[in-house]
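A single chain, nothing else alongside it, follows as structure tokens in the form predicted alone.
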């Protein structure tokens, strides 16, 4: 008997959501329209943050434990780069259009 590799149990990520799993944000680039609320869901066993890259960005989550979420509504168009401050190699972008 061999273990099944098809039974992934990760929660599905739809529409305006970003999964945090395997030490990465997925999708790495999310495209949304202005006024959209994006929710990040930590599916890892380690804590992660959602923090704007550089100073002055709007994203500032606390450390998210497993299954914790963080949401932000984008009210201005632009490209928003962010990272996990605990694991700075984890980077991603939200592109907001009108």
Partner chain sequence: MTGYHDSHDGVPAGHAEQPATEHGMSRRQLLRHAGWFGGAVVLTVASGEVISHIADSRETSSGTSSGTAVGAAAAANGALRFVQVSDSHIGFQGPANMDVAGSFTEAINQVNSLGFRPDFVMHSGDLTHLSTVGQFDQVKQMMTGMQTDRVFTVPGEHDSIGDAGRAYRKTFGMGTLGDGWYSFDTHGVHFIALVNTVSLEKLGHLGNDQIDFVRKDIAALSSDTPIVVFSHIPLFAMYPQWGWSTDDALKVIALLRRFSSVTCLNGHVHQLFTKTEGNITFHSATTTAYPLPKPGRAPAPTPQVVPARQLKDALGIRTVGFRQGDRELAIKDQRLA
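Positions refer to the first chain, counted from 1. Since we're looking at a predicted model, the values are computed, not measured.
As for the form predicted in complex with the partner chain, it is not shown, yet the points below apply to it.
In the predicted complex, the partner chain stays beyond 4.5 Å of every heavy atom belonging to residue 53. Of the heavy atoms in residue 67, none are within 4.5 Å of the partner chain in the predicted complex.
Contact check for residue 28: every heavy atom lies farther than 4.5 Å from the partner chain in the predicted complex. With a 4.5 Å cutoff on heavy atoms, residue 91 counts as touching the partner chain in the predicted complex.
With respect to the partner chain in the predicted complex, the three residues 39, 74 and 97 uniformly fall beyond 4.5 angstroms at the level of their nearest heavy atom.
Residues are counted as partner-facing when one of their heavy atoms sits within 4.5 Å of the partner chain in the predicted complex; in 52-68 these are 60, 63, 65, in sequence order.
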